[in-house]
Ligand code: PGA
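Okay, here we've got a single chain as C-alpha cells, the form predicted on its own, with questions on binding and movement later.
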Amino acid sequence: MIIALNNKCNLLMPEFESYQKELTSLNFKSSKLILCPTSSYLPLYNLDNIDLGSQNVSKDEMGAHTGEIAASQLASLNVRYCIVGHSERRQELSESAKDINLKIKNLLAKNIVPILCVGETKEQRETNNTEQVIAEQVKIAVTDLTEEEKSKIIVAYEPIWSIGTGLIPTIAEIDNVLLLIKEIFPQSKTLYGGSANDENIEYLKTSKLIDGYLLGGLSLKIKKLQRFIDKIEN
C-alpha cells in the first residue's frame, strides 16, 4: 500500500523537526510511505524509511517566476513524488486543468512521479455528474502524454465534499470512480483520499481497487497514523 502524507500548510520549523523524529518511530512492513511537507521544509528532510514528495510544482521551468518552485529544483532536492491538481489549489488558486497538464509534463521530464488528484464537489455528486467530472479532469491532465508516461502517474481520488468532513463515499461509489480511472490508467496505482482515518480504514480496505491513501489531517497525528498503518497491514 502507498501512504502519502500531505502535511498541507502546517507545522512551524521546530515542530516539523520534532515531527520528523516521530516519523522514524513508525512501524510498517509492506507499505510505502511518502512525506509531502510544506515546500520550505523540503531541504530539512532527513528520513531513510520514507520517500520525499512535494505538495506543488510550477507549470514553468526555472526563470522569472516569483514564488514558484520548478521541477528541476525539486529534483535537486531528491524529491521523488509531487502532488498535482489538489482541489484546494484548483479552488483557492484557480489552478486550471491546462496548468495541471503542464506540471505533470515538467515532473515526468525530471523523473518525478506525479500524484494527480481528482474529485467532484457535493453539487456535482448530487446531480450525478461524478464520473463525467472525473473523466474530464483526468483526460485533460494527460493531454499529449504517451502511454508509457501515463503509466508513471499515481491517481488519487479525493471527493471534494469529503475532505475534512468525516464523510466518505460507499465502497461501491469509490470503486466506480477507480474503475473509470483504471480504464484510462490501466497500469497506474490509484489512491483514495478524503477523510480516511484510523476509524474507517477497516471499511475502506474492503475495496479491491484502492492501492493506497492520500492523508491530510491524519498525517500529523502519529499515534493515529500508526493505528491506520497497523490496520492496513494486518
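Start at 1 and count along the sequence shown; that's the residue number. Since we're looking at a predicted model, the values are computed, not measured.
We do not show the form predicted in complex with the ligand, though everything after this point is about it.
- Stretch 81 to 89 is the answer when you ask which of 135 to 143, 101 to 109, 118 to 126, 81 to 89 has residues with heavy atoms within 4.5 Å of the ligand in the model of the complex.
- For the marked spot (M1, T190 and I210), a heavy atom within 4.5 Å of the ligand in the model of the complex is absent from each of the three residues.
- The ligand is not drawn, but in the model of the complex it has a heavy atom within 4.5 Å of I163.
- The ligand in the model of the complex is approached by L214, whose closest heavy atom lies within 4.5 angstroms of it.
- At the 4.5 Å threshold, heavy atoms of Q55 stay clear of the ligand in the model of the complex, well away from it.
- Although the partner is absent from this view, R227 stays clear of the ligand in the model of the complex, with no non-hydrogen atom inside 4.5 angstroms.
- Residues of 1 to 20 that come within 4.5 Å of the ligand in the model of the complex, judged by any heavy atom, are N6, K8 in sequence order.
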